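Take a look at this single chain in structure tokens; it is the form predicted alone.
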């Protein structure tokens, strides 16, 4: 089944930043509860937007969230020292967001990840910038899988982000990433594919219908995870319905449960 990484606890969001600054625990906990009720499989926690406060904000967020968290957390920071602290605080095996092939990022994250029990989001980004072709994405994914396996991570713990790019500036970007995902899943069936979907619609009107349509195409290609807002009921309904149609929902039970609860409706 498709795994949803709930993106809402991020201090780049104005309401979350205000709640963190005011230490409004109730607001944060209610948001986490709503994401879980909507079907989030992980809760992403990012405290990086308040410059100079990330360490104390992350610590406060984790202490606030864990009493109500029933799913694992996705620890999201560019700073390995923050991630080390956060890793030591969680009571479930976390997801780490993220590593890339950019030298500075790669060289600091690999020692942190070695020996850790975790899942890892791995971005197909290197020092040359965004990938320019499907073969470029696949080559970067191959290197990431090889390097992460070399320090003991299993393929099932690796979540490759192929880096979705806007189709508004280049009409080939949709097919480029779809082709790459198919190739990666063919080579590494146990590796997961994740990432943000909304970049595909950047610069276009009616973005939500584009995102909902694109997620079904990506799921058919092999994407099995995404970093999204689980309170967007329409994209959640689309994902659950696509899971069913792709044969991943035994006896359509998740779909039927969603219909009965009102989560899935036309």
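Positions refer to the first chain, counted from 1. It should be emphasised that the depicted structure is a prediction, and the values quoted were computed from it without experimental measurement.
Quick note: we don't show the form predicted in complex with another copy of the chain, though the next part is all about it.
A residue is said to contact a partner when one of its heavy atoms sits within 4.5 Å of a partner heavy atom; residue 69 fails this definition for another copy of the chain in the predicted bound form, lying far away. Contact check for residue 182: a heavy atom falls within 4.5 Å of another copy of the chain in the predicted bound form. For the chain shown alone, residue 142 is not a contact residue for another copy of the chain in the predicted bound form, no non-hydrogen atom being within 4.5 angstroms. Using a 4.5 Å cutoff between non-hydrogen atoms, residue 220 counts as a contact of another copy of the chain in the predicted bound form. Of the candidate stretches 162-170, 131-139, 105-113, 89-97, only 162-170 has residues whose heavy atoms lie within 4.5 Å of another copy of the chain in the predicted bound form.
Residue 178 is the only one of 125, 82, 178, 118 with a heavy atom lying within 4.5 Å of another copy of the chain in the predicted bound form.
Checking 237, 62, 28, 227 against another copy of the chain in the predicted bound form, a heavy atom within 4.5 Å turns up for just one residue: 237. Counting a residue when any of its non-hydrogen atoms is within 4.5 Å of another copy of the chain in the predicted bound form, the hits in 199-218 run 200, 204, 205, 206, 207, 208, 209, 210, 212, 213, 214, 216, 217.
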